[in-house]
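Only one chain is included here, represented as structure tokens and corresponding to the form predicted alone.
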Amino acid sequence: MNAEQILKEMTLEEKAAFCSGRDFWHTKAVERLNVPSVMMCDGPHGLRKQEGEGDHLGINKSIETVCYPTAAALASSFDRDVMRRLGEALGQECRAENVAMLLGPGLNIKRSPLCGRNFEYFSEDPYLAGEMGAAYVQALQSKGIAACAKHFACNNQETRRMSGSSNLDERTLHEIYLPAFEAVVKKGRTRSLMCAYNAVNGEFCAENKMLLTDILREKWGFDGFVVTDWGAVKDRAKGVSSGLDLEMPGGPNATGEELLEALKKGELAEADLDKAVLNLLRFVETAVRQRDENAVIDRDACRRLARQLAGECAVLMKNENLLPLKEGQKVAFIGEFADKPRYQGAGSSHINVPHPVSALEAAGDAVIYVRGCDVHSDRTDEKLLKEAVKTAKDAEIAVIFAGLPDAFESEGADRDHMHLPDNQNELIKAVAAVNPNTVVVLHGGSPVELPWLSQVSAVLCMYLGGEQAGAAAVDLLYGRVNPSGHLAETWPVRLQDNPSYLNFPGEDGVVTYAEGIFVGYRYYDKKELAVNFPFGHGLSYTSFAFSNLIVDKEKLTDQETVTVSVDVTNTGKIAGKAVIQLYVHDVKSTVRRPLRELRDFAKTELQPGETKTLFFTLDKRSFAYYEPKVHDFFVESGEFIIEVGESCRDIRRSVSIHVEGTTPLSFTIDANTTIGQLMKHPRGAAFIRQMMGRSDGPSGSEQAEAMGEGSEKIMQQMMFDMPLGSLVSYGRMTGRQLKDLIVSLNA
């Protein structure tokens, strides 16, 4: 089929109808023109293909397949190759099942640990989320299957998710909530993008021209198609005019009459409708061309991959020389999740797994098992507790499998606290009291408060690690796999410490992102707040040393790149994988900036004593912040510190460079523009220096000396805060001179 030729032959009625789905999972066919219907399915950590009645909440049954680790776990791998291997496997499965598009990845930022859908999202950091997402999209699409990045944009909670408005400033939008999508568009070349239910600053995403056209298509160069989240359409004609292409789920009642009526009234241009139809036709054309009727899938191989990936993603949070366990030790597995693991979340991404492997099954006769408590309740069962305590007391090692039950986190509902169920906390404290060698294995999609942290010797976080999470946990506990995961989000001590605490989930459907750019570690580090575990944290059974941090140039402009190299050595006795995190710190900025920001990362395997040199390339965006005055990313000239380490609070090496910004910060000047602001203007700074040089009165330093010690800084601040109009009030120029100056500087 030829998309452009078919568009010319379609009637208006066919075009209007084509912009809605046939049913829950298929596009409409145009039989007259031999345009077939193609299928899309939920993902992204497994294929949820429904062959009967469809739904978007995971209620009706789907085919039996493989469940991989969820995004919360995958991001903790800090490994682009993990995402590539997953994308290729899912792409091959989609080909075998004749699925044209897999919905995902989920790129929304973890603004609050309470978001019920956080298990589907990567990180609190936009760079990490974008890199992981882009690697996945590239791999999936290499198999001929379209990716659909979601949910665009600022869909960071489930409360009022279908009708609420996320209100935030321009800098926060571009610096925190859009970069992951930008990376997946520019680097991943995603073929589709799903717009969110919610509004951004009062304009619903499905009809938000700023998002769907101005930013997505014109600024980022997106050439795919935009589909709604299921049921997100509010005004179809306005949506198409703004850059929306496909309404889902559609169905037999979605005939396109609303669009036809809008065309008659002049509320919708036919050219905009044609754009939408052409985008969809190109998607179908590509899907048909890349279809492979002979594709097959080896699900046993997929299960082996799921186990490997779960091992790469798990994070060893704490280890007081207890792990790995030794073969032959008397080990007690305690907790229902050891027997019936929680390995995925509820909702549209729920995968139908025929047989998830539990830790108990994987360990076999090597361990003793007791239930400990009822995971479907938060009340303590005294009989189960006593049995667990007795068993733990008699064992050399007690391993408690704990975490959030299904009812605590799901699509469609946010949590209202960060606690584990009370009976689980009581179980852990009671066991740790009788056995100092207590390990806690955590399952769940988000951070929880850990009131017993100081009482246990080790904590292994599996997140929601897919159907093989139980087997992977045993691999990790016994050292058959060396832990290498690092946290993609901060684990705060308590919910009240989270920067969104006072503004989540908002009121009356409106949530204000009052914390601005200070999300996650950007906030905790700036505030110097104690946390349970910082962003990027992760332990290993070996150790790594960093040395020879070198930059290929110490001075550069923002139009150049700088290459950074660092040597990493395995200083332990066993092989392991090191995660190298590179952060950038702006030493002195005139705007508020985080203490440091992740700008690159790498993961590499090292044998004992082995050293590898890792290379990173930093460009303009690595040093920039988003400047609303120019509506773009902007580099202030000055000193920057490049840091490498194993977490945002475990910096091992640093080096200083000077970056010269080449783009002048031009903006409109008026009488209320301060002298400090004018110093950022390319010609304004020269004027201020000239004016201060011809002062007839005592100099600033002389005035400060007369006022006493330490006053020079105060005088400088007072001057920088003065509006230009004050120069007239203080007799430094006339009103006419000020007007002429403003006209000249704005020219």
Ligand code: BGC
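Small disclaimer: the values here were computed from a predicted structure and weren't measured. From 1 onward, residues are counted along the sequence shown.
We do not show the form predicted together with this ligand, though everything after this point is about it.
Colleague: Which residue, 342, 150, 522, 110, is the contact with this ligand in the model of the complex, using a 4.5 Å heavy atom cutoff?
Modeller: Comparing distances to this ligand in the model of the complex, the residue within 4.5 Å is 150.
Colleague: If you check 245, 258, 207, 229 against this ligand in the model of the complex, which one has a heavy atom within 4.5 Å?
Modeller: By the 4.5 Å criterion, the partner-contacting residue is 229.
Colleague: Taking this ligand in the model of the complex, would 194, 348 and 411 all count as contacting it (heavy atom within 4.5 Å)?
Modeller: Yes, the whole candidate spot contacts this ligand.
Colleague: Would you mind picking out the stretch of 590-598, 150-158, 258-266, 573-581 that comes within 4.5 angstroms of this ligand in the model of the complex, counting non-hydrogen atoms?
Modeller: Selected range: 150-158.
Colleague: Residue 94 versus this ligand, in the model of the complex: is there a non-hydrogen atom within 4.5 Å?
Modeller: Close contact is absent here: in the model of the complex, residue 94 is far from this ligand, nothing within 4.5 Å, heavy atoms only.
Colleague: Would you classify residue 486 as touching this ligand in the model of the complex, given a 4.5 Å non-hydrogen atom cut-off?
Modeller: Outside the cut-off, so no.
Colleague: Using the partner position in the model of the complex, report whether residue 211 sits within 4.5 Å of this ligand, counting heavy atoms only.
Modeller: No.
Colleague: Indicate whether this ligand has at least one heavy atom within 4.5 Å of a heavy atom of residue 103 in the model of the complex.
Modeller: Taking the distances in the model of the complex, the answer for residue 103 is yes, it comes within 4.5 Å of this ligand.
Colleague: Could you list which residues of 5-38 come within 4.5 Å of this ligand in the model of the complex, counting heavy atoms only?
Modeller: Contacts from 5-38: just 25.
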